[in-house]
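In structure tokens, the next block holds one chain alone, the form predicted alone.
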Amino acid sequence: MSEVKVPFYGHVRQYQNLKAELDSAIENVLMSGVYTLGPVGKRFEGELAQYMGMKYALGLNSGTDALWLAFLALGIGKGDEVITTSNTFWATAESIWLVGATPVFVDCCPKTRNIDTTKIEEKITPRTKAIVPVHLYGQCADMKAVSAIAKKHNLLVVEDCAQAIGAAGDGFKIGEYSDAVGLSFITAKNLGTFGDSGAMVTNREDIVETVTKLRNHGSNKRSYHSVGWNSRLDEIHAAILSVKLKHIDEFNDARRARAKDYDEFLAGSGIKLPHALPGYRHVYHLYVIETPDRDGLQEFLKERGIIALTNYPVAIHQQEGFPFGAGDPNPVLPETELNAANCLSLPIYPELTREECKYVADNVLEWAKNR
């Protein structure tokens, strides 16, 4: 087996590039003696809200909690149904189950792999309370279509934006058509810290008031509590994110440049490449190709020192841990299952070079030619 020539993740390279700035920010927090719910976190929340063009942002301990606490604040709970997709990370559905509601899965679009908005209305029932589109791989779902359906049926909308900070649609921005947006800042994300964290962003003051208490043991005043949880963004993580937020557009531009390289190098390969919609700003959290012999290609690349991973090779409704007592145990989702069976994520991150992209693509082409 060859030694690793192209790793899948680039966060160590990113740390090396920003080391002085990041180390200084971390040291400032350590010397301040304030490590939770302090001024650095408050500053980052303001910066994040401003960046996204929204009124409020609340730092939390994960993207999962961002969705879960938003659902609680919106009154989604037992007996409710929430429409979403199954070709996403487990936490999208998990956060729905956590509030006692039932996820109802809609198939994905054959081209973009985002939610197929033409199939949403057929899944709406009197119990439907909300729609949760996922901006998969870094490209926005069709939020204009989602919003139109939601307004027609008086439904809430919560965007799962764990993979798409800095993305935009054709004539719309993230959060413009929703009640709340959930973000994840786990290490590998486009905006990532050195561990777990997330945020909820919204224009609704009532949601902010509720989630502010829920994230801090039901308290907005020291020693006075109601039911809540511990879901706070630590000051060190906030400091790291504040530094990186200044660079997020250049990070995303670099990802887009590498995706363009892959598109160029892999043209004519016979392998399904990502489909970027005209007018959309795709930020390529992942560069996902599809081929029926996904496992064979992955092993071939590994032998050449290229680490490619799968996101998400087992759809949520196919998981052994899927709670079959809640919702349709056998949803008909042919495109979702095809996506799961065929998907392979090639390395992509701001620090990846064009030469490394070429090396990866050349090996993909060699495999495709000889298979």
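Owing to the predicted nature of the structure, the values given are computational and were not obtained by experimental measurement. When you see a residue number, it is the position in the sequence shown, counting from 1.
Omitted from view is the form predicted in complex with a small molecule, to which the following refers.
* Asked: Heavy atom within 4.5 Å of the small molecule in the predicted bound form: which of 129, 244, 189, 282?
  -> The option sitting close enough to the partner is 189.
* Selected contact from 291, 163, 298, 193, since only one has a non-hydrogen atom within 4.5 angstroms of the small molecule in the predicted bound form -> Checking each option against the small molecule in the predicted bound form, the one that comes within 4.5 Å is 163.
* Asked: in the predicted bound form, which of 180-188, 206-214, 105-113, 225-233 comes within 4.5 Å of the small molecule (heavy atoms)?
  -> Selected range: 180-188.
* Asked: Does residue 252 make contact with the small molecule in the predicted bound form, using a 4.5 Å heavy atom cut-off?
  -> Contact with the small molecule, no.
* State yes or no: in the predicted bound form, is some non-hydrogen atom of residue 62 no more than 4.5 angstroms from a non-hydrogen atom of the small molecule? => Because a heavy atom of residue 62 falls inside 4.5 Å of the small molecule in the predicted bound form, the answer is yes.
* Asked: Even though the small molecule is not shown here, does residue 167 get within 4.5 Å of it in the predicted bound form, heavy atoms only?
  -> Residue 167: no, not in contact with the small molecule in the predicted bound form.
* Asked: Looking in the predicted bound form, any heavy atom of residue 139 within 4.5 Å of the small molecule?
  -> Contact check for residue 139: no, nothing within 4.5 Å of the small molecule in the predicted bound form.
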